[in-house]
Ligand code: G6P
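We begin with a single chain expressed as structure tokens, specifically the form predicted alone.
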């Protein structure tokens, strides 16, 4: 059996934590008298916490001190952590365990490549941490997607060449990062948004066992 590397983003791919990010950012924005919509939240997918706050401030045409900036980032993360502390296996998106099991049964290395600095906590909460041979998250990288750094490190951690890696992503920035790294990109979401991916599925229920096996063999 050939060895490929399978790299998964976390938010919006394995679990849907975007809703918790939205609630935490929305409360922060409200405190600054800034309107923050779900459409704007979509633009923060795959974006670091620092860059996300910068974008929200720009949308509200607000300027704040560095001290307040740092304080708000901390508050946002505390609020987000209070949400994810309540997570359990019910938060796993449909058919993700099936796909992970197929890869495990076929002895394929699996890595996480996420911007989230809370990735390990989330994987522990949903009881999936043992499914991953390597975890690369926001604590391990200096450059945010669309820079390919997180995926290149993830590939190195499982000792697979980038061109032999397959990435599952739900964000424009993440798909761009995978493509830049010369990896096969699989978009999870809308074709209208992720049309630059090699393949796009609405969710994992559309991904057949045979498709996963074809990725391994080709």
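Not measured: the values here are computed from a predicted model. Residue numbers count along the first chain shown, from 1.
Omitted from view is the form predicted together with the named molecule, to which the following refers.
*Asks:* Just give me the single entry in 26, 179, 70, 48 that has a non-hydrogen atom within 4.5 angstroms of the named molecule in the predicted complex.
*Replies:* Looking at the other structure, the residue within range turns out to be 48.
*Asks:* Considering the named molecule in the predicted complex, which of 184, 44, 56, 172 comes within 4.5 Å of it through any heavy atom?
*Replies:* In short, 44.
*Asks:* Partner absent here, but in the predicted complex, which of 113 to 121, 86 to 94, 128 to 136, 100 to 108 has residues with a heavy atom within 4.5 Å of the named molecule?
*Replies:* Going through the listed ranges, the match is 113 to 121.
*Asks:* I have 168, 196 and 198 flagged as a candidate spot, so tell me whether each of them has a non-hydrogen atom within 4.5 Å of the named molecule in the predicted complex.
*Replies:* No, none of the three is in contact.
*Asks:* Quick one: name the residues from 50 to 89 with any non-hydrogen atom within 4.5 angstroms of the named molecule in the predicted complex.
*Replies:* If the 4.5 Å heavy-atom criterion is applied to the named molecule in the predicted complex, 50 to 89 yields 52, 76, 77, 80.
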